[in-house]
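Next up: just one chain, as C-alpha cells, the form predicted alone.
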C-alpha cells in the first residue's frame, strides 16, 4: 500500500462521525436499562419448574443445559439467580421509593419550616450518617421481625439522609430566587410555593436519587439476608443463595457462589451506570457536551 492510499484511508477514518458525551450517555443508559428490563422480564416469565428439586441432576458443574450449574438439590442455579435478582429488584424498588419520600418530606421541612425544624432534621441526618450502616440495618430488621417487611423498613429508614441533605440545599437555593420571592410578596402560601415552584425543580434530583439508591438498597438487602436477618430462607433471594452456598464451597462447588455473586454485581453496576449517566443527562452543565 502506497503512502497516498494510507493518507486517504486515514482521512476517511477521521471523517467518521464521533459520538459526543450526550450520545454516549444515552447509549450507556439504553444498555443498562435493557439489561435490567431483561432481568425483570426473565424473572416474571420463569416457570416454577426450574426451581424444583431434581436429585438426578444435583451438583452439576456449569454446562450448556445449566449455565450456572445445579446445587446439592438439583435446582438450576441460573433460574434461582434470576429469580433472586427479581426479588432483590422488587425489595430495592419499594425501599428506595419510601426512602426518597422520607428524604423529600424532611428536606422540604428543613428548608421551609424554620430554624427549629431545620436543626432537628440536620441532627437526625448527622445521627444516621454517623452510625455504622450495617449495624443499624440489622437492628431495625431484627426489631421488625425480619422477613421482607423488616428488610424494606430497615433499608427505607436508613437510606434517606444523603438525599435529604441534597434536597435541603437545593430548596434553600430556590427560596432566594426572584419568582419565589415575588410569589411570597403576592401572598401565596407555603404549600402553594412548594407545589408550584419547588417540586418541579426537585424532580430531576429525586429521579437521580431514586436510581442511585437502588444499588445501595439491593446490596444491603443481600448483606443482611446473607447474615440471616433478612428475607426468609425459603425465598430464592441472592443473599439466601450465597449464604447456603458457603457450606458447599469446601466440596468444590464453586459455581454456587460465583455466578450469583457476579450477577448481583453486574446488576448493581448497571444501576450505577444508569444513575450516573442520568445525572449527566439532566445536569445543564454537562447535558449539551
Partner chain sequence: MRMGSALIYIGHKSVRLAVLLIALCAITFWLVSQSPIDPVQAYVGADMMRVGPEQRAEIAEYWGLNAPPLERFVRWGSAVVHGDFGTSMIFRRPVIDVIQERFTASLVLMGAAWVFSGVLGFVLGIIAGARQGTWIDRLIKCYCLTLASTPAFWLGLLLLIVFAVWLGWAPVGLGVPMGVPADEVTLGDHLRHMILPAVTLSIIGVANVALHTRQKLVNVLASDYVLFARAKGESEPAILWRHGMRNVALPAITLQFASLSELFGGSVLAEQVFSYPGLGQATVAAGLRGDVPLLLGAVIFSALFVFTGNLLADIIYRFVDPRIRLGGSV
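Since the model is a prediction, treat every value here as computed from it, not as a measurement. Residue numbers count along the first chain shown, from 1.
Form predicted together with the partner chain: not shown, discussed below.
Taking 46, 35, 242, 28 one by one, only a single residue has any non-hydrogen atom within 4.5 Å of the partner chain in the model of the complex, and it is 242.
The contact residue chosen from 89, 134, 207, 98 relative to the partner chain in the model of the complex is 134, the criterion being a non-hydrogen atom within 4.5 angstroms. By the criterion of a heavy atom within 4.5 Å, residue 222 is counted among the residues contacting the partner chain in the model of the complex. Looking at residue 167, you'd find every heavy atom of it more than 4.5 angstroms from the partner chain in the model of the complex. Within 4.5 Å of any heavy atom of the partner chain in the model of the complex lies no heavy atom of residue 41. Although the partner is absent here, residue 140 sits close enough that one of its heavy atoms falls within 4.5 Å of the partner chain in the model of the complex. Residues within 4.5 angstroms of the partner chain in the model of the complex, judged by any non-hydrogen atom, belong to 123-131 and to none of the other stretches in 123-131, 101-109, 179-187, 196-204. Residues of 249-265 placing a heavy atom within 4.5 Å of the partner chain in the model of the complex, in sequence order: 249, 250, 252, 254, 257, 258, 261, 262, 264, 265.
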